[in-house]
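Before any questions on binding or motion, here is one chain by itself as structure tokens, the form predicted on its own.
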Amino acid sequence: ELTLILKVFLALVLLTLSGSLQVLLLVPLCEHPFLLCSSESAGEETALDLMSVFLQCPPRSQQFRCHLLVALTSVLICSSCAGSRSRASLDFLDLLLQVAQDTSDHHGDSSPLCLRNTAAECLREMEASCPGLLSQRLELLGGLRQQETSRLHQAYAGLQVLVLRNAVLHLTKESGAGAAQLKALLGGPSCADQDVFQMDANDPAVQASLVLGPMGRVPTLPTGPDCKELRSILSSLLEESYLLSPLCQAALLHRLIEVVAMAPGIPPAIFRAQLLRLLGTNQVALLHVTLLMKCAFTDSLFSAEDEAFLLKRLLVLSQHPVLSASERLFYMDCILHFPENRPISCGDSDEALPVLLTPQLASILLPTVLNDSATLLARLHLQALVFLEDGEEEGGGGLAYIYDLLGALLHMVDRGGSRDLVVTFFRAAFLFLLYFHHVERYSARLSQQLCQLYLQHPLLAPHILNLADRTQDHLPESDWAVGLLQGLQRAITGAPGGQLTLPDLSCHLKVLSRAAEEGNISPCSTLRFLSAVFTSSLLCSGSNWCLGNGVLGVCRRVLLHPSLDSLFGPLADVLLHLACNYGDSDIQDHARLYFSLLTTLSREKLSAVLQGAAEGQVKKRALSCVMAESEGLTNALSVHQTDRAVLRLTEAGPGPLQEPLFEQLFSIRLHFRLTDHHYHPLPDASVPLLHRQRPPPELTLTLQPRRPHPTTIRVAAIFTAKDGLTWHSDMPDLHVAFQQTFLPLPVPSTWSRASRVAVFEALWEEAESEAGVWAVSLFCCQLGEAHLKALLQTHFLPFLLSDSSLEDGFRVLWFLPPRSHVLLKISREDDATLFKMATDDRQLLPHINDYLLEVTSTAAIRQLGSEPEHRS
């Protein structure tokens, strides 16, 4: 690897190369320094060669020199040379400082200014990656900042404050360090003779902010009152801070807050002159750093009036119409984490309301249905905390308002709201339950309304079940989730089954399966419902695998229920009926297996079989021989997911399996899912057997177009492998091309060619006379006569209505189900071939143009023995 790098450097030395090529050769070093310089010795040698190239570059190659500095920084940091203070890294620091001090750019040329800016950024990166590297250059950096009048002043200020912060932090970790060491560090007479100290860059205190946690954790430096040098530097930086951009101001103030927090000899009042400007700012970054300042210094800098003003300003900004939604959400989050002068709670991340926030003040943030989703949920969260703190959980007006808002959202969902509205409602319901689940009259009413909503919209089952699961996870002491599941079970089993549809039944099975997991809910009514549905209707005679698997899922949960002994008869009847009458063989096999387990094993052994693998239990030899022979029983009852596609659909012809793991597949069930609404849904297809050594079976898919457009069909397969396990595999997508929708003219086969041409001419006259219904266009290309005939013979023969005996060429008609037509008149004029087209569906024109471009492309004509000269 080092040899390769040296060759690159030799190429760079050749100054006859263009500047862009020189920069391009540096890209691997900038993007992959860990790979190219994996050792410290390789990084050292590479850096020395790069610095040699830099010194040989002419001054006019400013862009290349900037990229050289960036490459050098990447190599030295990533190869650990900078961390170990190697000779190359120290030489590079001297080079960067020399470039930064070069003020020859004061004559109107911006190129040297760009080079100095790059050097400043490289110095900042070196110091950030290796804290303390520039600690002995503080006086020099301060001089650069004070002398600079260009935009580089901002970069030098940020660099100086970063080095100052790291230097003070290092002194706080040294035993016996005090004012003398700090004075020497800031520019005393012995500063140049001191050794460069090293800090661990992986230390969390070095990289993380020191003022985000409790201030008792901030390390301090015992300086005493004698801190004139440090105070002078801080005052100078603060006086010039208004010249910086808002983001650079925020970064500068953040570092200065840390320095003052570590130096008790500097009073926080040094920030007082900046406070008025910061409290009135409309910049997010500056307001955030103001809150950090308040968190660090509390009442030693902020008075009670300042605190009240800042809180009211956050409330106003949280609902200001001019601000973006993300900014308003940020300000609301600041209210929840407001740093008080005398905080009651000392938690680092607990959300708590400030004492000064009363319900009257918070009323301007009441949520409404007109708010966007994120704003509504954030306001609801805030108001819930306000009402809970104010003691309104027993029926106050605030709680009633929140519940009325939930009712309005529920009504909008019931009336067919969007998916975003549905998600918003259920998140709002979860927040309400999280804080007010103990208010029985509201939580019980919400449970009833959710049951009624489910009966009207069973497709909401995943959202309702997720609400129950999350409520149960966060409120384990509450029985609200169990009550909701029990109510859903009663609603499903008590509803009339005359109008039950398959999609609704699939949703009901998911809910009943989840309800059967609760030991406090009796599954008797569930089994009666299953028995009534599958024995008194034609559902059981169908072959819907997904529906049958849903029923088996319910039965599996019932097999694990504590009251299984009292459910033996009804459950056995359901399983036996499935095993004998269901239309899918895989469902029959699993139902037969469940029936055998139910009638053979005791409840304890049955639970061990079904739960052992899920809970990681090791099956003991004390179980019966049936158990010993069924080590993989739990795996056999599960559907496993393959890690890659093992099947594929191809056009008729050889199509071998892609994965050698599956030599023989049985009971293959293919499921098709459309990606748009251009075609009617495809039913599932079954293939009984697939063997690697045998030709694959042919499967005919009949598409019923709504609109004859190209589409993509997602395909998935469920099958049983040779070892008896059931697998689910996603298959490669099935692409339906536009030309696959073409059909010949739908007329009786006894019609003559002249009759077909007459139909074409009548349609063409209609297209020319009714411009509002038909669309007419023209496609041109250059094809020889022989090549045109070959094209017609290959692509248009089934749709060709005439030969070249007609004066204006050939006639081609495509019929595209269900009711679209495309007419083509193909003729030659001079050296051009014209495709005049007409269609009664103008949305087909782009697809027709793409198809003609494809069949007349260079590659397509080359296959016919020719090559087109031009297409337009």
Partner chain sequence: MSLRALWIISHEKGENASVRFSRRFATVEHRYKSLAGSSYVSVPEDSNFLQLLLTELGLSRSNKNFVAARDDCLYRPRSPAVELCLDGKKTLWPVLALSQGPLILACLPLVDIPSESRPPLASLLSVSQGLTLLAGLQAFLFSSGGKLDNEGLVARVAALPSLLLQICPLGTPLDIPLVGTPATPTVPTSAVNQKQPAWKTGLHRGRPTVNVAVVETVRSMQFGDQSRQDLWDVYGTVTCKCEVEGVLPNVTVTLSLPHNGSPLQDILVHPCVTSLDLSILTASSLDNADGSAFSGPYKFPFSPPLEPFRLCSYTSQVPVPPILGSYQLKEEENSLRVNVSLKLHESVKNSFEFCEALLPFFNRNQMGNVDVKVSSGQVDVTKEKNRLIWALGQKFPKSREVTLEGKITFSGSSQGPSDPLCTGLTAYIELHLKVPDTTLSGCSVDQHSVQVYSSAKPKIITSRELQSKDYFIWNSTGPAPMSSGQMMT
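It should be emphasised that the depicted structure is a prediction, and the values quoted were computed from it without experimental measurement. Positions refer to the first chain, counted from 1.
There is another form of the same protein, the form predicted together with its partner chain; it is not shown, and what comes next is about it.
- The contact residue chosen from A790, L356, L292, L453 relative to its partner chain in the predicted bound form is L292, the criterion being a non-hydrogen atom within 4.5 angstroms.
- When you look in the predicted bound form, the only residue of R669, H590, R145, R116 with a non-hydrogen atom within 4.5 Å of its partner chain is R145.
- Put simply, R557 is far from its partner chain in the predicted bound form: not one heavy atom of it is within 4.5 Å.
- Remark: I826 does not count among the residues lining its partner chain in the predicted bound form, judged by a heavy atom distance of 4.5 Å or less.
- Although the partner is absent from this view, R707 stays clear of its partner chain in the predicted bound form, with no non-hydrogen atom inside 4.5 angstroms.
- Taking the partner from elsewhere, P817 is found to have every heavy atom lying beyond 4.5 Å of its partner chain in the predicted bound form.
- Segments offered: 441-449, 273-281, 747-755, 519-527. Contacting its partner chain in the predicted bound form at heavy atom distances within 4.5 Å is 273-281.
- The three residues Q499, L689 and Q740 each lack any heavy atom within 4.5 Å of its partner chain in the predicted bound form.
- In the predicted bound form, not one residue of 669-690 has a heavy atom within 4.5 Å of its partner chain.
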